[in-house]
Structures are given as structure tokens and as C-alpha cells.
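Only one chain is given next, in C-alpha cells, and it is the form predicted on its own.
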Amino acid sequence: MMDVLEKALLGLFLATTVAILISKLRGKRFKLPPGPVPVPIFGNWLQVGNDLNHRNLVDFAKRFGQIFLLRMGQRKLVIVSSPEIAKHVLHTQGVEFGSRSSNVVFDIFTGKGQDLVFAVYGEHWRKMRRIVTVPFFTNKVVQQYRFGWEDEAARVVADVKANPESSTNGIVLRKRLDLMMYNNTYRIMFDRRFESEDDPLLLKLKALNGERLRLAQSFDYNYGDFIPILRPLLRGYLKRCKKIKDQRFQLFKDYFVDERKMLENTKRVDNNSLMCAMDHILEAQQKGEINEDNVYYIVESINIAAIDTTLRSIEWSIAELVNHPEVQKKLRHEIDTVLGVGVQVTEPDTHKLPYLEAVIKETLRLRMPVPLLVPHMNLQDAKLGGYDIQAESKILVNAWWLANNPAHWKNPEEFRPERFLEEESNVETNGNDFRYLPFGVGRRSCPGILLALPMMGITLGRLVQNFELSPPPGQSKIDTAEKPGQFTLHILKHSTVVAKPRSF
């Protein structure tokens, strides 16, 4: 035991010496962004702490400027906090900064970038984008599956109405919406749905997906990621990650992927037939464009990205509507006036309801699901904002601050959808304004925008037109405190909401 400890201490000493020498040598050559003074081994980690969330990084931006550098152990983090520099990272210099920075945990869950989201910028990423876009992220897919989304929303309304608790003490709507989002996604992916929240396969799937999210979002592995010499101490954690990944992949294989393979073998699917996304993915595998591992990493990323982020955004929207009854009333009035009382919202209707669109925009502005976007990385040394950015730096765009900076927005702390009909009427969710980037923009933007917006519109529209949503008895508001997370913005508590049915 003492030998191991002595070797670790010796390694730390050598690493410190080398880091200091490299820092001095590079300091003469590079004009680096400003930032807090680092200390040996730990860099700025002791000053910053584990919680690199969007609000904490705003405090550093106020001290060091719109672009600053944090050294977290051996990791170099460049944080961008202005629309002008964000435009360079995501658009003007999109190729230079178009790669992805990973970590020891995401290396396991994504197979070191074998999926689309975390693939290094290059030929593999271009191939994956082409293969994944056609079955998932086109207007054709929206029109093909929107009837299913409308059906799932109708089932939510029916189930909530049938639950006597919903109109008295209230229910946790998120639980029922969770089932809806799994069905929306699995209809597209596998042409499958789950009948109830208690479906044993769904419960197993949710448990594994939930543990995967917990492991990826935790701060517990940062020390081994920031300081590689300490990585052996993460052996148990990383073993747990690999076990969860293997269990999830086995479940995907046994219950979903193999079923689609069998259907393909027994019934030839021609170009005019209705194909689910997995049929397209397996066709690409049969052509040799991707391998079997790529198939499962695609399923892995869709399970997390498509379900979790949209569900969280819907949950935030409901919370804000409950806490702002005047907004809820105005939205209900718009739906009743434009469509007619009791006429259920459909996907095409969402484009006729500007206040509904404004409510969604305002939710995504104030409660951005991925506040720092997915981290970018430059493979080679680059220039940004007048500074030298060393190769393989992790670039974080604080998109939440871009959309909540009072220098750029009027009273940004207020939940006020009207801003998108008044002073910000030209701002869209697709990144046409670099102050507002809920889905990013450019080559590495989130393609899920095409699915997320209509799903949110249908779901929120149906809930508001069928129910009066309010806090549970004895409460004037529901809790909208934020839960710290490594990457995404969570609501701390899944709120109980009273949903009183309207009579038409």
C-alpha cells in the first residue's frame, strides 16, 4: 500500500513539474484568454469548484470578460459569454471549433464519439449526420408521426381526467408525460409503444436510462477526469458506467433491434412502405455504411437526447404556466378564439397560435434545457476573440447568459412571453439571433428542434385547453428551484399540479 502511495506522490510531483515547465514555455508563445490564476496540479479547480453551471460562470464572466479561460486540472475550458464571439465559435469558425470534447464517462457511453452528438468533426460525423437525419429529423418525419403525437397527447388528457386526484389534491403530471415522451420517441424509432406507466419493460428501460443520466450528470467523477493520474481511483465508477451501458445495449438488442431485424427478414420493405427509423439505420448497416456498434450508439443517444430534454422543457413550461395564471389564461383564450372552444390542438394548429409559440420560446429562453450547449473543441491551435486557443480546448458557450443578459434583454428574469410578440418579435428558435440559441446553431446544432417544438406545442396546447392548471391546495406557487447538473438544467422537484377539467 505504501509503495502505491509513494508512486502516486512521485507521479504528482513529476506532473506538477512538467505542468509548470509547459505553462512557462507556452506562456511565452500564446496570448491566452484572461482568467483566475491557476495553481499547480489543480489549476482553477479549487477556486471554481465542481459546479460549472451557467449561473456560476456568469460571475466569472463579469470579472474576466466575454471570453475567459479556466484550467481544471489538465483540462482547458474556454467560456464564451457574448453573442459576437459565440457567432465565431458556432458559425464563422464553425469548422475550427466543430469538434467535440468528451470526458472519461462520455467516452464509455458514446464509444469515444461513435454516435452523432459526440462524434469528432470529420468524415464519421458527416456520415452519421446523413444516416440519422433522414429517419429522424426532417419535416417529412414530423408529418408522418404527428398523428401519433396527437394521439399520445389525447391519451394524457383522458388519463388525467379519469384520475380523481388530479382535480383535487393534484398529481405529478411529469410521470404521465414521461410515458408520452417514450411513446412519441419509440413510435418513431421502433414503431412500438407502451400501454401504461407500469409496463415492466418500460420500467426497466427507464431505470437504466435514469441511471445512465445520473452517472453522466454527476460531479463525482470530475477529479479523475481533470487529473488523469487520479483516474485509477475512478475504476469502480467507470466499471459501473460500463455495466449500465452494456445492460442498456442488451435491452435495446433483445426487445427492439432484433425485432426489427426479424421483421425485415420476413417481409421485404420497399421504398413506398412506412418504415420506422430503425429500418433506415439497419439498412445503412447492411450496406456497410456503419457497423453494429454504431447502431446501438445511435439508439443510446436518441434515448437520452430526444426523450429527456424535451420532457424537461415541457415540465418547465407547465411550472411557469401554473405560476403565471395570467399567461395561462391568455394562452387558453388564444386557443379557444383561433380554433374554437373544445377543438383539439393539432400540429398544423401550432403554427396558427403565436402566443403558444411565444410561451415555448420564453420557456426555452429562461429555462434553457442545455444552458452551455454541448461542448465544442478545436483540434488545432486557433484564434478567437483576439486570443490564442490551444488545441483540444473545451469551448463552452454560455447560451443561457446570452439569452438572460440584461444588457441585451429587457427584464430577462421575468417570464414574459409577450417579449417574442413585441420587442423580440424577429427572434426565432433556429438561431437567427446569436443572443438566443436554445438548440445551438451551425454544423453542430441540435437537429431535434424539428421534433421538440411540435411535441411541446401539441402537449402544452392540449393541457391548457382541457384543464385549468394550478398549484396544490395550500400553495400559491410551485417550486421552480433549479437542480445542479453537469450539463442539463433540471427542475429540482417534480411538481404536483392540480388539473381541473374544463367543461365545453
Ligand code: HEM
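Quick caveat: nothing in here was measured; it's all calculated off a predicted structure. Just count from 1 along the sequence shown to find any residue number.
Keep in mind that the form predicted together with the named molecule is missing from the display, and what follows is about it.
Hey, in the model of the complex, does Phe439 get a heavy atom within 4.5 angstroms of the named molecule?
-> Contact with the named molecule, yes.
Would Pro417 count as a contact of the named molecule in the model of the complex, using a 4.5 angstroms cut-off between non-hydrogen atoms?
-> Taking the distances in the model of the complex, the answer for Pro417 is no, it never comes within 4.5 Å of the named molecule.
Indicate whether the named molecule has at least one heavy atom within 4.5 Å of a heavy atom of Arg365 in the model of the complex.
-> No - in the model of the complex, heavy atoms of Arg365 and the named molecule never come within 4.5 Å of each other.
Phe137: touches the named molecule in the model of the complex, heavy atom cutoff 4.5 angstroms = Residue-level check for Phe137: yes, a contact with the named molecule.
Could you tell me which stretch in 167-175, 419-427, 308-316, 254-262 has residues with non-hydrogen atoms within 4.5 Å of the named molecule in the model of the complex?
-> One stretch meets the cut-off, namely 308-316.
So, Leu321, Leu353 and Gly457: all three within 4.5 Å of the named molecule in the model of the complex by heavy atoms, or not?
-> None of them does, since no heavy atom lies within 4.5 Å of the partner.
Quick one: from Ile131, Leu234, Val374, Val295, grab the residue that has a heavy atom within 4.5 Å of the named molecule in the model of the complex.
-> Among Ile131, Leu234, Val374, Val295, a heavy atom within 4.5 Å of the named molecule in the model of the complex occurs only for Val374.
Out of Gln465, Gln66, Ser445, Asn44, which one falls within 4.5 Å of the named molecule in the model of the complex, going by heavy atoms?
-> Going through each option in turn, the one that passes is Ser445.
Using the arrangement in the model of the complex, list in sequence order the residues of 110-134 with any heavy atom within 4.5 angstroms of the named molecule.
-> In sequence order, Leu116, Val117, Trp125, Arg129 come within 4.5 Å of the partner.
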